[in-house]
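One chain comes next, on its own, written as structure tokens: the form predicted alone.
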Amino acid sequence: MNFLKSIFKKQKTIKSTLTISSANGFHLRPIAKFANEAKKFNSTITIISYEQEVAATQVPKIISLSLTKGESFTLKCVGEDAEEASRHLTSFFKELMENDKEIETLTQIDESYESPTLNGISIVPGIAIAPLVYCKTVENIDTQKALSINDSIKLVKKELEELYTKNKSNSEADIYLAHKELLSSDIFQQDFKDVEELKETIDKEIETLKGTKFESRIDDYKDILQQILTHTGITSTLKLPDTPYILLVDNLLPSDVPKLVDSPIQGVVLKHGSPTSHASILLRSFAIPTVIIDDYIDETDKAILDTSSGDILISPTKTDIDKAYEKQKLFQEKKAQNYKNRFNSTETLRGKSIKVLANIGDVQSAKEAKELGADGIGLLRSEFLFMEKKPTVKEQTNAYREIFELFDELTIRALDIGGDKPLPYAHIEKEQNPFLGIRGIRFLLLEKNLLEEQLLAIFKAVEEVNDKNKTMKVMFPMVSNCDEFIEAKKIAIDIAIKHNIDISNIEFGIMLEVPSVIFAIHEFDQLVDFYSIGTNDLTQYLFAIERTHASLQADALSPMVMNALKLIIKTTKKPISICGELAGLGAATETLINLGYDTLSVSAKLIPSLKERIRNV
């Protein structure tokens, strides 16, 4: 009987249906993350779509499905840990979709120049005035230190892993992981007898992408090929000018972009490409003005690239040049002023002071927020410590202390997990409606040991920092009634008493994201020290639309959301901030301030521009 149970357990099959909700589709970067996550389980995990079944660990095979927004696939997990794998990967996929924001298209304005212009699609904002120069590539063959193809593949994988680890907090990190996962797929696990066989193999994969939405991924295969060939003794080097220039190029490989930064490049004109290509993402991260123009353009001694209008002028007049220099000066001054003023206090034109805090998710992003001028931390998402394994109290304490030392004001959110975001070591029954189930405080009050250990670690970190001038806040997520807060606060007090820790300088509050709280603010005001509005979830629950839904979307700028925010701030007497995405939207800044909100918490990269925008309200 036990033997039969063992066999049955090993053969357990769990299926679930997942829907692509990202406007970008299920593309290379999230696919690579998903495949990397799937490798952590012992089960056989596959993706089934349109009668095709492919391994969830094989990036090229998933890419070949060309799954776009609104399409669904079946996640099939077979094995001993199938249930755990299905639960975790379902949650992980939803997070991938939610965090995979659509790349905004630059709004182009009409501009009048004297000379004729060619118009294209603007990718990176800016103005460049310099000669137009075609990209030249020099190939060199040196077999003296050449490695075999298979050894070269292993070395490139190692290099990509190191780059990913080193740049985890930067936009380019996901590209390195994506390339590493491509190299980890079956097509690169064979013994290649020569370079031609390698090229033929990659060409076959490229053919499957032609004509699909993910055709831009072809450049990733070409990039990987170039990196492998470098270690076999075949190098391709970009020959770049040593004086300012605007680069004309048919295509750029992702690994080419960092090389441009060390040259006096002023701008890039791509003949082929897309706003979502990995080269475009890197060009944005390095702020190199870029436009895509599918036309032949002659080299010239002086040209103007104006991405505000998407224009390139091959034969500008003196008037055009003067105008471009003036626009360039204003653009650079505004950008420099925003950065220069990032540490300054932020006041509106009427003299109202606004705090601009940062939303962070780990130690590295805390340091970035400090450098970008955050007045404090409005939301420290503590989940980063818990996702892989259960952290010890000491591990938590060390991480919290390192972040606490950086800021005078900091709000840490207690572990926000459960339902749609399970932990591999905490059992939660699968729910039909996880967004309405065991989440946040509901999970923490069921898994009290996790909450107790986290609170102890927070208290120890505050004690070790030992600075009474710092404002430290603990925030409980997904609170929907007063009893939940009362129980959580009692646990906190009991922990402090048990370990003889003074927590008199720690405040306790809630994430206001469940609509029921709006109708009990008078009661909550008697209990909490502060509120922080999580507009993402609040909007989700106001409209009864899951925020990761593939086709339904709730408008965060809706008058109904604004009316809810107006009611909240008019009713409460306690300090209140906004830490959802709404706080970073340019269209919402003036409205939020006029409603009375004086504390906004956003992604660190938005801080300099948000502060400058506030100064003009």
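Don't overthink the numbering: it's just position in the shown sequence, from 1. Here the structure is a predicted model, which is why all the values come from computation and not from measurement.
Same protein, other form: the form predicted together with ligand PEP, not shown, and the subject of what follows.
Only one of 536 to 544, 312 to 320, 218 to 226, 181 to 189 places residue heavy atoms within 4.5 angstroms of ligand PEP in the predicted complex, namely 536 to 544. The partner is absent here; in the predicted complex, the one residue of 253, 85, 511, 415 having a heavy atom within 4.5 Å of ligand PEP is 511.
Checking 479, 379, 303, 356 against ligand PEP in the predicted complex, a heavy atom within 4.5 Å turns up for just one residue: 379. At the 4.5 Å threshold, heavy atoms of residue 439 reach ligand PEP in the predicted complex.
Ligand PEP in the predicted complex is not approached by residue 30, whose heavy atoms all lie more than 4.5 angstroms from it.
Although ligand PEP is not shown here, in the predicted complex the stretch 471 to 494 places no heavy atom of any residue within 4.5 Å of it.
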